[in-house]
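Starting off, we have a lone chain in the form predicted on its own, written out as structure tokens.
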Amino acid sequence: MFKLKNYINGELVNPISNQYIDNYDPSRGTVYSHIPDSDERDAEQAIQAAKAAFSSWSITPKENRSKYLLKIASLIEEQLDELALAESIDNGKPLHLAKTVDIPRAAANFHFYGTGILHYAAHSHSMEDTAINYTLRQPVGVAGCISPWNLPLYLFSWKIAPALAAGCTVVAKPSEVTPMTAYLLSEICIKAGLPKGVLNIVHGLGPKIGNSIVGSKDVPLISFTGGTKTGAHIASVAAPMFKKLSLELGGKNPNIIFADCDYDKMLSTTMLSSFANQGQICLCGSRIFIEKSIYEKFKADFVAKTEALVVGAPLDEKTKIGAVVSKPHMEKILSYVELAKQEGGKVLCGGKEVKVGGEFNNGYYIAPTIIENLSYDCRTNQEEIFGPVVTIMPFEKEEEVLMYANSTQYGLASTVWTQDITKANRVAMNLHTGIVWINCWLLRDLRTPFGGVKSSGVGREGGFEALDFFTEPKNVCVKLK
């Protein structure tokens, strides 16, 4: 059975312990490869390799850094089919989703920052004839980048690309649940000729590798995407060490639908924002609030469309809902369905495990689920489920729905559907979320910052803000006389 390797100092190497972790294909429920069960020694090797490489990479002309990133982007595009297949098997998502969204966006991340660094500017301020103040933005050092399992290569590259573009070196930890595309990226970096030690990828468990990266005195900045509880732990370790910190954490996103919306467009987009990637996207709208006058119509149409979604093997072209990422995660999702019932919720469709038959019969499949009749402040509506489960609830007044929407500890994203532009802007201003989509969902421009408020994290990724994060400003004042 295939064994993945770590990528340290430009080479693919076995873990020092020679121990491995089973890597499951969630669509079949079977082990299909092994990943390194790395420990603190592997992490330290990677950190020291990155530290040694920083002195030269940080002063490599930006034009040269750009060429490496653009070469990586090109190789990702060339290997799109291979990478998409690996992600589909590793993650359980439909192949067409990996092929049309995840892998192209990973290539776009490298391309954006490979070109963006060429236009990254500092500022100068004249004090008339007395002095000139200018700001140097210099790379900080070794960046620790820790990414999640739901969008494995897309989010991995979103951290790595701006760090490398800015002149930082990187020690990266992909999720142990979905490591395959990160391993293939290692091979791509070797093929691209990326200098040794500039990027290091260490596979393994969070308590061993993640903690080693976060706690190292030689890693001055951390970028993490994942659960809020883990983010709180990372902050508790990093803050006393005064590290730069970016945390992109959980979400419990509201989807607010007013009666004056473009109904057909809203309905088709809401299907995506509810169940894309089996609901395993931090931006999915898991709480849907519908103006009372159209609630019954929406409910009937939404349930009918949801029941028509094909749950099946990721490689089947007809599949709209693939497998969730693991058996424990499937059990967690189903436990929330049972909790919803206990809280008085009515399951309108789904809410159960699906057996798809044949070689995939032991995979981790859940029917897309819609639940109504819950209070806005019950646990089901307050806690992140991260699966194909949404709740629906009517509202009458704008003030009422804003109270519902803002009631959770999270504040990542929200969606508003209305043709009244004044109302749209007013509601957007009063939503406590870092991102608001009006009459659309997941429409991203890489030039804009990305991130949440409250327990959804701190800091911003995306745009030139990401380059700002991986650099440190230094003010220089030159006296003219």
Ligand code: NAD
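Remember, it's a predicted structure, so these values are computed and weren't measured experimentally. Note that residue numbering begins at 1 and tracks the sequence as displayed.
There is also a form predicted together with nicotinamide-adenine-dinucleotide (NAD); it is not shown, and the following applies to it.
Taking a 4.5 Å heavy atom cutoff to nicotinamide-adenine-dinucleotide (NAD) in the predicted bound form, the contact residue among Gly144, Pro174, Pro162, Gly92 is Pro174. This chain is drawn without nicotinamide-adenine-dinucleotide (NAD); in the predicted bound form, the residue among Ala166, Ala340, Ile370, Leu249 with a heavy atom within 4.5 Å of it is Leu249.
In the predicted bound form, no heavy atom of Phe110 sits within 4.5 Å of nicotinamide-adenine-dinucleotide (NAD).
nicotinamide-adenine-dinucleotide (NAD) in the predicted bound form is approached by Trp149, whose closest heavy atom lies within 4.5 angstroms of it. Taking the partner from elsewhere, Phe224 is found to have a heavy atom lying within 4.5 Å of nicotinamide-adenine-dinucleotide (NAD) in the predicted bound form. Under a 4.5 angstroms non-hydrogen atom cutoff, nicotinamide-adenine-dinucleotide (NAD) in the predicted bound form has Gly210 among its neighbouring residues.
Looking at 354-362, 200-208, 254-262, 269-277, the stretch with residues near nicotinamide-adenine-dinucleotide (NAD) in the predicted bound form, meaning non-hydrogen atoms within 4.5 angstroms, turns out to be 200-208. Looking at 376-403, the residues that come within 4.5 Å of nicotinamide-adenine-dinucleotide (NAD) in the predicted bound form, counting any heavy atom, are Glu384, Phe386.
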